[in-house]
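Next up: just one chain, as structure tokens, the form predicted on its own.
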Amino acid sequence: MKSAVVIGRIMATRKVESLTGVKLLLLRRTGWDGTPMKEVLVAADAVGAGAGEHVFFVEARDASIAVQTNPPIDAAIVGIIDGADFESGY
């Protein structure tokens, strides 16, 4: 799993049938400490995330499994991060 922040939403009038009803969000990758990275990607939302929320997502085959209709996707949001606790030494 990787972390990101939701920075926008993608709207598509035409898409494969298995994506009908699936919300597509624009993510900016972050480190687990919240530090923004350059990478931006589109992910299917499996948990109801919204703008500005910190989320974790999966890629590749795991992404397709995360969405009930098994659409052809490369990334899926599978959780919303409420907080992270880092212990020294890790």
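What you see is a predicted model, and the numbers here were worked out from it, not measured in a lab. The numbering used is simple: start at 1 and walk along the sequence shown.
This protein has a second form, the form predicted in complex with another copy of the chain, left out of what is shown; the following refers to that one.
When another copy of the chain is considered in the predicted bound form, residue 34 lies well away from it, no heavy atom lying within 4.5 Å.
Another copy of the chain in the predicted bound form comes within 4.5 Å of a heavy atom belonging to residue 70. For the partner-free chain shown, 15, 16, 19, 24, 26, 32 of 15-36 come within 4.5 angstroms of another copy of the chain in the predicted bound form, judged by any non-hydrogen atom.
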